[in-house]
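Form predicted alone, single chain, as structure tokens, below.
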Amino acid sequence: MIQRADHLVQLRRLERRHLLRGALSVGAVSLLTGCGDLSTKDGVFDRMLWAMLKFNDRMQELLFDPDRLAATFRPDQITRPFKFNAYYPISQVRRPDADWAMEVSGLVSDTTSWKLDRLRTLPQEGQITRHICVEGWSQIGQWSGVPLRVFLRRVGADLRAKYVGFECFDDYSSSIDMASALHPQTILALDFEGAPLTPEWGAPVRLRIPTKLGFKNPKNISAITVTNENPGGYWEDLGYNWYSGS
């Protein structure tokens, strides 16, 4: 088991370094020849790569238009079958505990937890939008649920805060900026294709944010926090571009 754990750690480090290298142009990489120890996390190469990722995030944030909507589609354009995607195979999908409740913390006035039936008392909106994976494929799906902006106002969130973070019971995590959280198409999805979410699609609740790449749409949410400290995320901490959207 120890060898397996060490192997997984090495794989994740390689994934991070591979993705980080892709953040720089060939010309920029050539300037780094001979600069420091490239084999360690603290080397000049890694520091430059992380700086480029932060620069990319800043540029995407500046270009963000809160009024620009992601494309929507007709019901006959929905992709069927819809492809399952996660950092684990579908055979390892986890189911929520019987006492599941979504915790709320951080810069909010109401930190009481939320059961599914309580979430369904809030206003609901639906969408048929495109899910775009960082791996290069996409598909069109139908979701409905509570607009995140409605939920944040309901719990008295400080809308001046910088980030909204998500923790999941499948050990996944992600986070988004507040402007993206308040976007009209960002929802806490409770239904998929007109029926309650099943575990493989993120039950009991998942984030659906069509203005960002698929890995920014965490499933199986167990906790939401509003904060001024960037919570990072599963893939973001490995070097995936944090903003990853329009």
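All residue numbers are counted from 1 along the displayed sequence. A quick note: this is a predicted structure, and the numbers were derived from the prediction, not measured.
In what follows, reference is made to the form predicted in complex with a small molecule, a form of this protein that is not presented.
*Asks:* Out of 95 to 103, 156 to 164, 134 to 142, 72 to 80, where are the residues with a heavy atom within 4.5 Å of the small molecule in the model of the complex?
*Replies:* Stretch 134 to 142 is the one.
*Asks:* Indicate whether residue 124 is a 4.5 Å heavy atom neighbour of the small molecule in the model of the complex.
*Replies:* Residue 124: no contact with the small molecule in the model of the complex.
*Asks:* For residue 214, is any heavy atom within 4.5 Å of the small molecule in the model of the complex, or not?
*Replies:* Looking in the model of the complex, residue contacts with the small molecule include residue 214, since a heavy atom lies within 4.5 Å.
*Asks:* Mark residue 193 yes when one of its heavy atoms lies within 4.5 Å of a heavy atom of the small molecule in the model of the complex, and no otherwise.
*Replies:* No - in the model of the complex, heavy atoms of residue 193 and the small molecule never come within 4.5 Å of each other.
*Asks:* Taking any heavy atom pair closer than or equal to 4.5 Å as contact, tell me whether residue 210 reaches the small molecule in the model of the complex.
*Replies:* Looking in the model of the complex, residue contacts with the small molecule do not include residue 210, since no heavy atom lies within 4.5 Å.
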